[in-house]
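In structure tokens, the next block holds one chain alone, the form predicted on its own.
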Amino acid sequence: MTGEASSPFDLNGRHALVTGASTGIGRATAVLLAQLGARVTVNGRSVARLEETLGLLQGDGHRAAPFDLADTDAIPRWMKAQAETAGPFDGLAHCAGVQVGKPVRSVDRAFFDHILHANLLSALALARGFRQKGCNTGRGALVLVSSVAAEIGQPGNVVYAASKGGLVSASRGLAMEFLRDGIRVNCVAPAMVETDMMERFRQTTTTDQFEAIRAAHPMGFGRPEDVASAIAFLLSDASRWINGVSLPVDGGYLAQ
């Protein structure tokens, strides 16, 4: 469906790419964008999980585009192929990433490269791909998923925090660099959200440690849908005058 949107939050006629859509925040984002009228291309590594996500989406025209974003040099070519197949993108929500904690004394180059590659370089490659001629409609919006870890000091989480802080800085630079292309770039910065990633993190901590983390969230842990709503807002025309910001979605975590 095309035509003038009835609301600035309306995404009818828009085409969005969502990475990390196999589960968690990415899946919730894909579901919400479809509810708002967007045609969604979902990306992840698991074909089976992407098919599950597709089954949750309202409307027509959605498609799965499995691809491993670890192959960062190939991302722009892959995005060009997706745009040629399904049309240029109006929005891109980059929800894929990894979270692994490790004290600095245990950090080696392989670990550093893995985290920065997965969380920062992939985002820059996607931004590069999105900017290509024919890959965006000229009214594009790019949303990166950072973390409140970029704003606080946490022992054992330095490399992850650095990668997410890099996303915040990158989004500001990209916002200015992409102005002439009509592309806005922003971040969301969630606190702890109830996802598979959180469950894996919980298994690496003691009960007391995990309960201390829970107590640091004044409104409790978030849900994937809470972050998806912020992403949808930043992709929509309701945020047309917002560019280069990092929006905390943290239940008051940073307010303490």
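Numbers for residues come from their place in the sequence shown, where the first is 1. Remember, predicted model here, so these are calculated numbers, not experimental data.
What follows is about the form predicted in complex with a small molecule, which we do not show.
The candidate spot formed by 20, 97 and 190 lies fully in contact with the small molecule in the predicted complex, as each residue has a heavy atom within 4.5 Å of it. The stretch from 102-110, 126-134, 168-176, 145-153 that comes within 4.5 Å of the small molecule in the predicted complex, counting heavy atoms only, is 145-153.
Contact check for residue 211: every heavy atom lies farther than 4.5 Å from the small molecule in the predicted complex. Among heavy atoms of residue 36, none comes within 4.5 Å of the small molecule in the predicted complex.
In the predicted complex, none of the heavy atoms of residue 248 sits within 4.5 Å of a heavy atom of the small molecule. When contacts are judged by a 4.5 Å heavy atom cut-off, residue 43 counts as touching the small molecule in the predicted complex. Among the residues 230, 69, 31, 64, the one placing a heavy atom within 4.5 Å of the small molecule in the predicted complex is 69.
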